[in-house]
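Single chain ahead, by itself, as structure tokens, in the form predicted on its own.
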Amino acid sequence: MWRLVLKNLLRNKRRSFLTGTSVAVSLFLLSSLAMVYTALGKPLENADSIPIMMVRRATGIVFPMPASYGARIREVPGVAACASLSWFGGYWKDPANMFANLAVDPENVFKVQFASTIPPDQLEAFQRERTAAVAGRRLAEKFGWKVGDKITLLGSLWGFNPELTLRGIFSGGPDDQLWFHWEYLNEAIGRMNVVGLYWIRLEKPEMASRVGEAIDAMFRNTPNETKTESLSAFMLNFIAMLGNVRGIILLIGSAVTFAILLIVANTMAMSVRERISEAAIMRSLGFRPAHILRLFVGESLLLTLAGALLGIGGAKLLYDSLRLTQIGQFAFADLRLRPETLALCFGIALSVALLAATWPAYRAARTNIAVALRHTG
């Protein structure tokens, strides 16, 4: 049966090629939209297993907290490490070179970001020098930075341009970021002794709820109440600034799905209409209506799934190689085609193939043989 399906598809090679290509391009676009939609709702894959939480001001992420909070947070049972950080928001040389650059606590940042590894000598140099910085390997490769390079950050709302020396390159974790000394920033802004956020690492991921409640209770009824949340929930706060982007993506994705359905349905309708008399001859030779139905539906499945493999598979290879992490200027997420997104896209392709072919194939299989033999497509 499948050999016959393949031969029928190749009878009109141009039509099959154009339809398959259209399906592949459409599913590539649909996969891209689905990837962003998933990332906007769940920025990090396997986020519940990451033992890192963020402590921010309860009134909003743009409001700072006293630097003295760090020592008190470290005393909370279940907190394995705590590091302060402040978003700097500068760029390198050109506004197009925007990336995450943070003023951090150099003594504790790698204790919290345990997935990030750096040579011991580079870590020591970073901690010892006030104007030192470290960059993630992905960021360093993007801009061609090497250890010892001078990096000046421009355009920050803090009002000064730190002149940094790259003393280390780390791998793993948030390796698209640059970190420099919080104390350097604090001196430049007149020793205000405030930080934007606290990174904390938990002893165990399952302690998140208890630790978060304990930290927030510690600072309740103070001028600077806190909100402790998971890393994924924290990123969702930034994504929320973009507005209802998920709704827009859902509408566009629905339109793309409908377009794929029209493309495949039109092709299958033309193919079936041209071969109604052939189907009648096959039935007169002993083929049952179910055989005719499976033949036409099989053609639709083979054509659509071939386009799906090209479109969805191409999207998977492309986005995995690009390793994109930024949606907006301040919105970060893991932009890859995750297993659930792949399953959704292939499920849509399968549904489209069945919907597009079932009705015309059913009509061809059930048409009276004498009527079908007189049909001219």
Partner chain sequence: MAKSVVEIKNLSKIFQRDSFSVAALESIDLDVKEGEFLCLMGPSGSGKTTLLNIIAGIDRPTGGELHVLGEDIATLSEDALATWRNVHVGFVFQTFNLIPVLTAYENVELPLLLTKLSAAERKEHVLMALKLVGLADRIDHYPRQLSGGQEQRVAIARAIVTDPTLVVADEPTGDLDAYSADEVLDILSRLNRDFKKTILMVTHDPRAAHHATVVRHLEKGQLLPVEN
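Source: prediction; values computed, not measured. Numbering follows the first chain given and starts at 1. Take the two forms, superpose them, and find the largest set of C-alpha atoms that agree within 1.5 Å; that set is the rigid core.
Omitted here: the form predicted in complex with the partner chain. The next part is about that form.
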Answer among 273-281, 82-90, 195-203, 229-237 for heavy atoms within 4.5 Å of the partner chain in the predicted complex: the stretch 273-281
Do G190 and the partner chain share at least one heavy atom pair within 4.5 Å in the predicted complex? no
The partner chain contact at P289 in the predicted complex, heavy atom, 4.5 Å: yes
With heavy atoms only and a cut-off of 4.5 Å, decide whether I369 touches the partner chain in the predicted complex. yes
Consider R11 of the chain shown here, and say whether it contacts the partner chain in the predicted complex, taking contact as heavy atoms within 4.5 Å. yes
Within 4.5 Å of the partner chain in the predicted complex, all of L4, K7 and L285 (non-hydrogen atom): yes
Using the rigid core as the reference frame, would you say N108 shifts its C-alpha by 2 Å or more between this form and the one not shown? no
Superposing on the rigid core, is the Cα displacement of E278 between this form and the one not shown 2 Å or more? yes
I want to check E299: does it shift between this form and the one not shown by 2 Å or more at the Cα, with the core superposed? yes
